[in-house]
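First, one chain by itself: the form predicted on its own, in C-alpha cells.
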Amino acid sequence: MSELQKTGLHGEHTTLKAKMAPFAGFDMPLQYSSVKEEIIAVRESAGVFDVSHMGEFFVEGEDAIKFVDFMLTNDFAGADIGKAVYSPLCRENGTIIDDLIAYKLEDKKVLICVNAANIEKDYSWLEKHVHRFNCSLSNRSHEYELLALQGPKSEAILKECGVFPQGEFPYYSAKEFDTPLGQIILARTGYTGEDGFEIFGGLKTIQTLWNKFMELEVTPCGLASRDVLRLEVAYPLYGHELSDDWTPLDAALAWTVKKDKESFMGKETLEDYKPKYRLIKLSLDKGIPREGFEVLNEQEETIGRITSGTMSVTLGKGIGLALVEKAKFPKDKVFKIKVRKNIMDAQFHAKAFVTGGHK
C-alpha cells in the first residue's frame, strides 16, 4: 500500500487536532470540532475546507475553449469569459468518467478542476483527444492548493482579507488576479449550496490565507460535514450518484447535456439514449438510509438502492439519494426503505432537502 499524500496544509490540520482519514490517496481532515458545529457554521456563518487534493488541469492556446467544449456535454463555448461551467466528462458511449467544473479564465486559457480520485483517469482521457485541437493540456495539480470558503459571510471575509476582485462577481464567476497575498484564481462556486468561494493558489499564498481565516475565527471544516452539506442540497458525488456505468441522463443531470450542440463527446449515443434509472431524493422520520439499502415500492418489491445517505443536521432526519429503475418508478410515488430488517415508509422529495443560500 502506497503512502498517503499530504496537502500543503496538513501541518495546520494536525496542529488543530483534526481527526484525519484516508481519502482518494490523501490524508485528509475528517472533522475538527463536531460535524454538527461545522455544518451550522457553513449554513449560518462561514466555514473553510482544505480541498487541495482536487486536480487542476490547464488548457491553453487558440482552440482551448473549442477543445473543452467538445469534451464536455454542457455548453462551455457559450459561456462568457470569466464564467465557470459544471459538466460531466463522458466517453463515446455516454458513460460518465467524472464530473468537473471548467473555468473560462481567458479566451485562450481554461482551468479544469476534477475530483481527486479521478485525476489520472481524467487526464489520460483528455490527453488522448487534445492532439485534434490547436492547444496544450497540462496537469498542474501539484502547483496548486485549494480552499473552499462557504457560507453567508464568505464575501465579507474575503473582502476583509483583501482577496476579492473589483466590480461585479456573481455566482459561478471565476477570475485570476493578483492580491496582497499573491496571485490567486477565485471562483464563486462550492459544494454546499451556500454562497461561497473556491480559492486556488500557491502554497505560501494559501497558507497565509488559511491563517487569516483562523484569525477571523472562520470554522475549519472536514470531509464529514462536507458530505452532509452536499447531500442536504442533493449534489451528486462521483462513485455514488455518478459512475462509469451510468450516463448523465440516468443520474438527474439531463440539464447538463446540451443535445443541440453541434458536436461533443458522446453526443451520438446520448441523443437517442433512453435512461434506465432515475435519481430520487428520499427521507425517513426515523432511521438513516445508508448507502446500499434497498428501496421498495408499496408492494415491497425492490426497485432501487440508496447511493448516499446521512443524518441531516439541518432537518434532524435521515436523508438519502437513491437510484431506482426507471421502468419500476411508482406513479403514486410511494417508497419504502429496508433499514436492516425493518421496512420503513420514506418521504419522496421533488426538490432538494435544504434550499441553499447561494447568490
Partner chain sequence: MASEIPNNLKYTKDHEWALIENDVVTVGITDFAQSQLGDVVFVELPEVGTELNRGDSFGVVESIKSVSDLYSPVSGEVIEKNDDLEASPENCNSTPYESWMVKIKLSNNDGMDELMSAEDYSPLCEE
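Residue numbers count along the first chain shown, from 1. Note that the structure is a prediction, hence the values are computed from the model and not measured.
This protein has a second form, the form predicted in complex with the partner chain, left out of what is shown; the following refers to that one.
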Given the stretches 63-71, 306-314, 49-57, 327-335, which is the single one in contact with the partner chain in the predicted complex, using a heavy atom cutoff of 4.5 Å? 306-314
Considering non-hydrogen atoms and a 4.5 Å limit, does the partner chain approach residue 34 in the predicted complex? yes
Counting only non-hydrogen atoms and a 4.5 angstroms cut-off, does residue 349 reach the partner chain in the predicted complex? no
Would you check, heavy atoms only and a 4.5 Å threshold, whether residue 286 touches the partner chain in the predicted complex? yes
Just to confirm, residue 15 within 4.5 Å of the partner chain in the predicted complex by heavy atoms? no
Within 4.5 Å of the partner chain in the predicted complex, heavy atoms considered, which of 20, 24, 9, 339? 339
Could you work out which of 195, 98, 227, 176 is the residue within 4.5 angstroms of the partner chain in the predicted complex, going by heavy atoms? 227
